[in-house]
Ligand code: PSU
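Below, in structure tokens: the form predicted alone, a single chain.
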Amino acid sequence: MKVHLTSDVRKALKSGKPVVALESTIIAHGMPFPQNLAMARDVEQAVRAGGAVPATIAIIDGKLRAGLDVAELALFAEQGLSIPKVSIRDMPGIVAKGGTGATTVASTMRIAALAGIAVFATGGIGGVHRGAATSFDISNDLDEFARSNVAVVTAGAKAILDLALTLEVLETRGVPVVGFGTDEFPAFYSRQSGHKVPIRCDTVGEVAALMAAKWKMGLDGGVVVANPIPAADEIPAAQIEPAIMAALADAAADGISGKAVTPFLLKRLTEITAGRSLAANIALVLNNARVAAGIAAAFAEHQRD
């Protein structure tokens, strides 16, 4: 299916210049207004400063989009939760009805792959939710990593998840998990989780070489590039974990389930931590955008060799 590109994204892809995909759910569902709009603009600028072209992904009026203008970014920021959160299963219905939707990690990966964009920067990927043994709540992000040839720069999986089981599922799906400058899988707000990564890369060139090697061998699917939050912005696990447990208890008491869980928990954490978790979230997204721009530039250079 055709992906509608902005002129700058189209020109960059045609000429082999680096492009970085960005998701729209983090704007509409991940943060409150107006911080979400400032974050979206700052992240795009961080990508440009790194020598790449930003391509925020969304579905607008039934069209798959890679690249949004200023007014469209504002639309997603201002309308927020009223815009449907769209993962893979939701895409056909939204497209068929000519609807508008904010794309998750999974649907952003799929649209980026269709457009030919190999690098994507997000905050944190979805994974296996705590209590999944009874709820069966496992993000479609993990399945998409086994399908779409996109490297995703992330501060680990969201800290509200079961990180050990998330890593187990990624291993089962054959997805490389790369620690960028770290031997340990980061835990979103925290730099350490206690879980080791199987591969470490210390430069963007090493990540680009790994991407190229994987796909040249016909090993379809994505790459998790686990990039820790900057030390100055992290919330140590011992401090954030009690807040997560309190937010999970509130979600259970309110009967929150399915795709509503993550937005509820992120909002509740912002309240419990008096905004500290939101500040950390913004910092890690910007950091991921900078690293993604470097990887995209290195991969574009690798493809020209």
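A residue's number is simply how far along the shown sequence it sits, counting from 1. Computed from a predicted model, the values in this text were never measured in an experiment.
Missing here is the form predicted together with the named molecule; even so, the following discussion is about that form.
Residue V105 is the only one of V105, V207, A112, V223 with a heavy atom lying within 4.5 Å of the named molecule in the model of the complex. The listed set S190, T100, S139, T182 contains one residue whose heavy atoms approach the named molecule in the model of the complex to within 4.5 Å, identified as S139. Stretch-level contact check against the named molecule in the model of the complex with heavy atoms at 4.5 Å: of 58-66, 262-270, 239-247, 43-51, the positive one is 262-270. A residue is said to contact a partner when one of its heavy atoms sits within 4.5 Å of a partner heavy atom; P186 fails this definition for the named molecule in the model of the complex, lying far away. Under a 4.5 angstroms non-hydrogen atom cutoff, the named molecule in the model of the complex lacks P228 among its neighbouring residues. The named molecule is not shown here, but in the model of the complex it comes within 4.5 Å of a heavy atom of H129. Interface membership of K214, defined by any non-hydrogen atom within 4.5 Å of the named molecule in the model of the complex, is ruled out. Residues of 9-44 lying near the named molecule in the model of the complex, listed in sequence order, are E23, T25, I26, G30, the criterion being any heavy atom within 4.5 Å.
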